[in-house]
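Presented below, as structure tokens, is a lone chain in the form predicted on its own.
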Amino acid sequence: MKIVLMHQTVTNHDAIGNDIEIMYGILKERYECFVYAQNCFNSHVEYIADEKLEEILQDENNIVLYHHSVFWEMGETFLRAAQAKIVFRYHNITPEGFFEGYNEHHYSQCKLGRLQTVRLAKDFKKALWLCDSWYNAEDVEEYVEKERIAICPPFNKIEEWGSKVPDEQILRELLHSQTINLLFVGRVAPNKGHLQLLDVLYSFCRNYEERIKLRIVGKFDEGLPLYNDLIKNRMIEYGLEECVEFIGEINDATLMSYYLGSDVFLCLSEHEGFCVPLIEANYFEIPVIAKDTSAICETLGKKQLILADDMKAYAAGIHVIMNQKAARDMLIEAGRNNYASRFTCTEIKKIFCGILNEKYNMGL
């Protein structure tokens, strides 16, 4: 048996790239395993060209592990010619409505991607759908029999980079800061809830006297100028220019410093198929306040502070965490247990191998 993992782009330091890399490492221990991608930016896997891919796809004993998170016309073309067993690793695709009026290309690609999801679910009657979350599975459950849907969280590298040395200067500045340090990690895009983050910050500043600063780690998309302007204009309207810092893309050591030096992880994202930064916050023992949308509640698990739409409630939550040690400790412990019991690589490997062993008798 040979196995090929497919995705349009395989890169370092993102959730899907990490998932592919770790899956590859596990499968490579027992089988011939390869990766096929149009854009190859992760050097820890072995890539193959079209000819080798087509050869693997024509053998019904082989397995294709197709990571689906974007519209990929060429990938679908390869699948439709395949005789191999197909496993769809579904990471979700952002609903196109979030990009309407902001970027026509993003809107179109998301719409095409979600239509492709339905098409793949309908047409590949024998395929297994390996979804990151039950929330993701909802996108295909109308078209796929229950026995062909399984849930496996995405693999992560949190323990690997979390054991490294942080950027000491940044960490020192954060720990000695006289402000409450809020953190959000995620690209600057309309589904990530940045405007509501500013609403919470404004509510806090109006109702409490403590100094506070929000740091947002994640790159700006130059293709979203209208959304970026909305953020900047709301900051000016609220007078929050000194209370918000956009960090951009950073390396692991720097990101680790922001996790270790922050007081609260604040997430008001409107759409997440899983949301790896939540479990990163759990691992680094930062209390989380999050909005109850999409897969967020499922990812965070029990005894977490998950709220609805009242911005004052989020501000009050920050105040309570900073002033009531028992509440803070409870949230930290719940997060620590959530990560340790569900999302270590050891735990995810058990789930992943268990599913493949049950479905395909792979002996992993």
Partner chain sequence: MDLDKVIKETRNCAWQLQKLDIENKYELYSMDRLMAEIAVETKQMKDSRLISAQIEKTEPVQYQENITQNKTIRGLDEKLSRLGIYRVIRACTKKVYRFFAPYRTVDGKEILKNDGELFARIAYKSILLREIDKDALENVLVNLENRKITKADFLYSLCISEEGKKYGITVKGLRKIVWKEKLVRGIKRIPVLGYALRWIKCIIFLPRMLANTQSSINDLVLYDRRKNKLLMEQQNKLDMLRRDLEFAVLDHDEKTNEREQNLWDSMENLEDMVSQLSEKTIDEITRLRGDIEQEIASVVSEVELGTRQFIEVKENLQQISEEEKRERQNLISEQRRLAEQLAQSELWKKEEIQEIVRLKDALDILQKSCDEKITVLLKAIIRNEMDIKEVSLWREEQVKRELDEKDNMLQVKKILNAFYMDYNEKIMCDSREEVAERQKQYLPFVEQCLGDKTDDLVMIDLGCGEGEFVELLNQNGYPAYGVDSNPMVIDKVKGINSDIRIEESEATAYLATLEDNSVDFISCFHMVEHLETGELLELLKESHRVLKVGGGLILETPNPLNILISTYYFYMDPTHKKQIPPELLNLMVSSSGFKVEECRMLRPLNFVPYSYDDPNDKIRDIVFRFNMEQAYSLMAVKE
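Quantities reported herein were computed from a predicted structural model and do not represent experimental measurements. Residue numbers count along the first chain shown, from 1.
Quick note: we don't show the form predicted together with its partner chain, though the next part is all about it.
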Exercise. Would you say all of Glu32, Leu57 and Glu159 touch its partner chain in the predicted bound form, counting a heavy atom within 4.5 Å as a touch?
Worked result: no
Exercise. Only one of 45-53, 321-329, 292-300, 65-73 gets a heavy atom within 4.5 Å of its partner chain in the predicted bound form; which is it?
Worked result: 321-329
For this session: Evaluate Ala313 for contact with its partner chain in the predicted bound form, applying a 4.5 angstroms cut-off between non-hydrogen atoms, and reply yes or no.
Result: yes
Exercise. Does any heavy atom of Gly335 come within 4.5 Å of a heavy atom of its partner chain in the predicted bound form?
Worked result: no
Exercise. With a 4.5 Å heavy atom cut-off, would you call Ser203 a contact of its partner chain in the predicted bound form?
Worked result: yes
Exercise. Within a 4.5 Å heavy atom cut-off, is Asp199 in contact with its partner chain in the predicted bound form?
Worked result: yes
Problem set entry | its partner chain: the contacting residue among Tyr238, Tyr107, Phe246, Tyr143 in the predicted bound form [heavy atom, 4.5 Å] | Tyr238
Exercise. In the predicted bound form, which of the listed residues (Arg211, Lys122, Lys219, Arg172) lies with a heavy atom within 4.5 Å of its partner chain?
Worked result: Arg172
Seminar exercise, completed: Residues in 19-43 that come within 4.5 Å of its partner chain in the predicted bound form by at least one heavy atom, in order, are none
